[in-house]
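Let's start with one chain on its own, the form predicted alone, as structure tokens.
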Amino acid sequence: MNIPEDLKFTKTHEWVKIEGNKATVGITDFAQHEITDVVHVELPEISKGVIKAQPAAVIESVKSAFDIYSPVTGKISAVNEEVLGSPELINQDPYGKGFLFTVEFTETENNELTALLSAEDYKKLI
């Protein structure tokens, strides 16, 4: 199971890469393996406000549809258009080409970040 040490994680199996006041989000290798083949993705609109722990996107697989939750409160600053036409990228490269969206924080001191799991904590969760 691939769990990069430089990322943060949520209990709902999203990964988070923090860069300044932006958080890039995708689903973990564990999650993509569990949901199996991704066949459709619905991403949020750029500039849309999102709230921590609230649905921001949807991934549909051959099994079912799954909400993807924002790990932080903020505004969508980017989406990965490539996964809309090639949703299998989420299965092939969940931490790279299969990322979903980027959230720009609304707060400069974002206490929500402290609730994110380290790679070690995420390993214990799964």
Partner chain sequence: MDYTPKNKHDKQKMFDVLGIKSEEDLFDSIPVESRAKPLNVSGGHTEQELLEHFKNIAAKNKTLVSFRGAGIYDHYIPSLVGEITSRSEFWTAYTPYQAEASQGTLQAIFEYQSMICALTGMDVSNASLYDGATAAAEAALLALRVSGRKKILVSSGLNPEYIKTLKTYLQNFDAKIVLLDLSPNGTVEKATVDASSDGDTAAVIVQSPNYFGIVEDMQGLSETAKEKNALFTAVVNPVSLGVFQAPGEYGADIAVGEGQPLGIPLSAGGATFGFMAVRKGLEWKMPGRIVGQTTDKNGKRGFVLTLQSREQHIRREKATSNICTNASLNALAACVYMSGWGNGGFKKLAETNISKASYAFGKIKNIDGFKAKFEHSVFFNEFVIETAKDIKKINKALIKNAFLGPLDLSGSGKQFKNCMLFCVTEQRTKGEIDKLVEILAKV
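Positions refer to the first chain, counted from 1. Since the model is a prediction, treat every value here as computed from it, not as a measurement.
The same protein also has a form predicted together with the partner chain, omitted here; what follows describes it.
For the candidate spot formed by 76, 81 and 102, no residue has a non-hydrogen atom within 4.5 angstroms of the partner chain in the predicted complex.
A heavy atom within 4.5 Å of the partner chain in the predicted complex is found for exactly one of 40, 48, 97, 33: 40. The shortest heavy atom separation between residue 93 and the partner chain in the predicted complex exceeds 4.5 Å. In the predicted complex, the partner chain lies farther than 4.5 Å from every heavy atom of residue 53. Remark: residue 61 counts among the residues lining the partner chain in the predicted complex, judged by a heavy atom distance of 4.5 Å or less. Residues in 69-102 all lack a heavy atom within 4.5 Å of the partner chain in the predicted complex.
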